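Okay, here we've got a single chain as structure tokens, the form predicted on its own, with questions on binding and movement later.
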């Protein structure tokens, strides 16, 4: 069965036609991978995943799952599997988290522009976020096109940043907002170094690899490197590169963390419940399923 895609933004993103992904196998999975290479993020409406089905689909589509999350360093996963990340404001008792709960305070940082698992090596490739319970108000997720942002840089800037590498640390990004991990928690989240510009031979394109987790450019003094990262982020998140997704119950959104950044938009999360589950795959060679 072929999937049809409707473009959502002039440079990236698409919405799929009706499809049930719970039993998706090859060659349908390859159609999705090809669309990801082209669009960067995809919206699949009206999905019906239980927890295990979401995990199984992610594994079939893209291989090994990311489980060393920052949430896992703070509290036990209420679903019993660290690969199923709890992107919500609800505790194990089913109630909205208190305003000063550490899980909530850490999650507030999702409002910063970021890429999932850039603080790991290997880093995150695809993230798959599923809407299970939504508030009665808008609580959008925004995406920014890092390939288009790179394409629009002037030649001198492209030459300047070509060989730079960046240290990514979620301990750093949380600290900027005043949230501090304990020494034990920080030891579980050591950070990682990645190129500032990522190359994609399969498409012939390049992408900026930025995030709130981007702590410093390794080849430069810290102040200069941070200014460059700030300027690039300001450039890459201008309106022309950004799409806001208004969630509907049952939406599954898949994005490529290597070619997009994203951020959550605020809502009254001490009043309304919002429950989404995310699975992120690692940027490793795919092993064909048996």
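Positions refer to the first chain, counted from 1. It should be emphasised that the depicted structure is a prediction, and the values quoted were computed from it without experimental measurement.
As for the form predicted in complex with a small molecule, it is not shown, yet the points below apply to it.
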When you measure heavy atoms, are 116, 264 and 278 every one within 4.5 angstroms of the small molecule in the predicted bound form? yes
Only one of 110, 157, 77, 186 gets a heavy atom within 4.5 Å of the small molecule in the predicted bound form. Which one? 110
Could you work out which of 83, 171, 129, 197 is the residue within 4.5 angstroms of the small molecule in the predicted bound form, going by heavy atoms? 129
Quick one: does residue 87 come within 4.5 Å of the small molecule in the predicted bound form, counting heavy atoms only? yes
At 4.5 Å between heavy atoms, is residue 255 in contact with the small molecule in the predicted bound form? yes
Can you check whether residue 212 is within 4.5 Å of the small molecule in the predicted bound form, heavy atom basis? no
Is residue 140 close to the small molecule in the predicted bound form, meaning a heavy atom pair under 4.5 Å apart or at it? yes
Based on heavy atom distances of 4.5 Å or less, which listed stretch (92 to 100, 140 to 148, 175 to 183, 200 to 208) is in contact with the small molecule in the predicted bound form? 140 to 148
